[in-house]
Every structure is written in C-alpha cells, then in structure tokens.
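The chain below stands alone and is given as structure tokens, in the form predicted alone.
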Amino acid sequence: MSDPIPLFDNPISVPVIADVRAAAARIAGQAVRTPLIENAALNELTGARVFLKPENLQRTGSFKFRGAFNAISAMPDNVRSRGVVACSSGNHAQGVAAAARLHEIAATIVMPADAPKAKIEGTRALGATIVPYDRASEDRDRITREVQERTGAVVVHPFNDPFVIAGQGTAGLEAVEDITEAGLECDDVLVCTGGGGLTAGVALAVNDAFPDARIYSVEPEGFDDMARSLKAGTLQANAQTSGSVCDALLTPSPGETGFAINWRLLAGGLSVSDAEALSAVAWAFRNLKLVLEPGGAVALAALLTGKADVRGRTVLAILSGGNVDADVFVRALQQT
C-alpha cells in the first residue's frame, strides 16, 4: 500500500472526539444537518427500532462534503490559497469541489474514467479540473502526487486524513445527539465503508455517547478489505479496485489513520452482494421515497437481508450517498 498523503504540514495524527466536535463547529451553516428517519416496515422486517441517517440529502448528495469542508476550512490561509487536489470516484470529488468553490480556491480532482457520469458532470459543474485515470491499471495516489508537485496544490485525501475523518464524524455526532434527545440509547451501528474514514468518524461519535454499542463496517462482497483487516489485525488489500456496482466503496485497502480507530472500536465487518445492494436501492425508493446509490445503500442491505441480526435492538444505519446514474437506478428497480 502506498504511503498516506498528508493534508498539510503538521496535521493531527489520529483524531479524537474533540476533533469531531471542532469539525461540527467549522461546518455549521454550510453542511446540511440531515434528519433521522424511522420506518415502520423496516422495524417490522428487522424486529428492531432502526434509525436511518440519509446523507444522500447532504450537500453534493453524500456525506463527503462534511470532511472536505472541514479539511479545507482548517487550513491556514497561506496554505489554502495554493488550491487543493484530491483523488475520488465521485462523491469526495464533488465534496472537495463544492468546498473549494465556497472558499474561492482552485480544485483538481483525479477521477477514474469509469466513474458514474452523474459524478463526473457534478464535479465539473462545481468548477473543478478533472484528471481521468484507469482505476484497474493506474495508481491514483501517484497521479495525485504528480499533480501536487506540478501545481503546488494541497492534497485532501478521501479517507486517510484526520481532518477529513473528523468532518465525516459529524454525521455520527448529529445522529447520537438526536437519539439521545429522544431518550434512547443506540445498540448497533452499521456504516457503509470504503476506505474507512466515515466509519472511523462515526465510531468516535458513537463510542463517546454509547460505549457499549456494536459498530459494524458494511462493504461490497469481494471488496471487504476492512472486514478482513479487522480479523487479521493488519491492513489487508483488495485483489482489484473495480468490478462492483458499489463504485463509491472501491478502495485498494483501508487508510491507516482510520484503521487505528476502527481496529479499536468496531465489532466486526459485514458484506453484501451487488444484487443485495441494488435491491436495497429499490427498497429505499419504494418505501422511503429516497434515491440512493448502491454504495450508499449497503448498510440498509445488511439490515434487509438479515446479515446484521439486530432483533430487539436500537439501530443506527448510515445511508452514505445518492449520486447514482439513471441506468444503474433503473437496473435496481427492474431487478426486483
């Protein structure tokens, strides 16, 4: 695995709950405070009380805006003015592009050529310069470094950066605040997992409020590097970085920074098939009236398939994004 790319000089190493709270203050008024959704049919199906956090309703259509805005906001002015560069299949790309636009700085995004058209078009519409690459044969971190060296821009890594992780954790912070305000405690948490940044940030927030809660990563089958890493106690890589409809979750391996948190706080990892993720997309549309992308629906898929046994428990599941191409969405609706 390639070395992590630093955000800027002297970053914090591994974030803690205080960093998540600081991120919440930075993004206030810019990020959407997404609601918690409870659905009677889902509760009956699972035998649990389930709260869904729909980050598809977030600015740019996914949780990624949280981390991107926090990271860019935390930069000193003389560093931020150099502009930013990021590598992403689309959701982090749009989050960084939107945050850069709000800060009136340049953004360059290294994106796989096979990223969903909606994500490519959304990133370009936000004013970012796109550098395409072949995710099956090229190293996106190397290309990102080349852009950094050529332009002097600051790298905002999609998951292996403490400021990004802290920003993503604000989704969990909001959720536990809402659950606590309702007079409840959370027993189980399911998080859609790619590189592990969202999972780590949510784990910090949940563990602080509900230290006995079981927290699970959820990944696509064949790309369950987090689950395997948790079992092995060391970082495990995926054999390939393409080949699943859950494009948002396809990373080479977990980030070291997030894994330092996830190894300590997660109860384990689950995985779902592409067919199960697509089925969850269709279920969310029909029952919740929400549009999800497959990668943003894997936590819901784990509940719908019973891979997470949550009977009699109070559950939080993060729906991480909704940037789906029309043809994939139609495929999801037609397969069930």
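Residue numbers run from 1 along the displayed sequence. As the structure is a prediction and not an experimental result, all values here were calculated from the model.
As for the form predicted in complex with a further copy of the same chain, it is not shown, yet the points below apply to it.
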Partner contact check in the predicted bound form: of 270-278, 64-72, 284-292, 305-313, the stretch with a heavy atom within 4.5 Å of a further copy of the same chain is 284-292
Would residue 40 count as touching a further copy of the same chain in the predicted bound form under a 4.5 Å heavy atom rule? yes
inquiry  = Is it the case that residue 15, even though its partner is missing from this view, gets within 4.5 Å of a further copy of the same chain in the predicted bound form, heavy atoms only?
reply    = no
* residue 57 near a further copy of the same chain in the predicted bound form, any heavy atom under 4.5 Å? -> yes
Practice task
Determine whether any heavy atom of residue 47 comes within 4.5 Å of a heavy atom of a further copy of the same chain in the predicted bound form, and answer yes or no.
Solution key: no
Heavy atom within 4.5 Å of a further copy of the same chain in the predicted bound form, from candidates 101, 124, 82, 264, belongs to 101
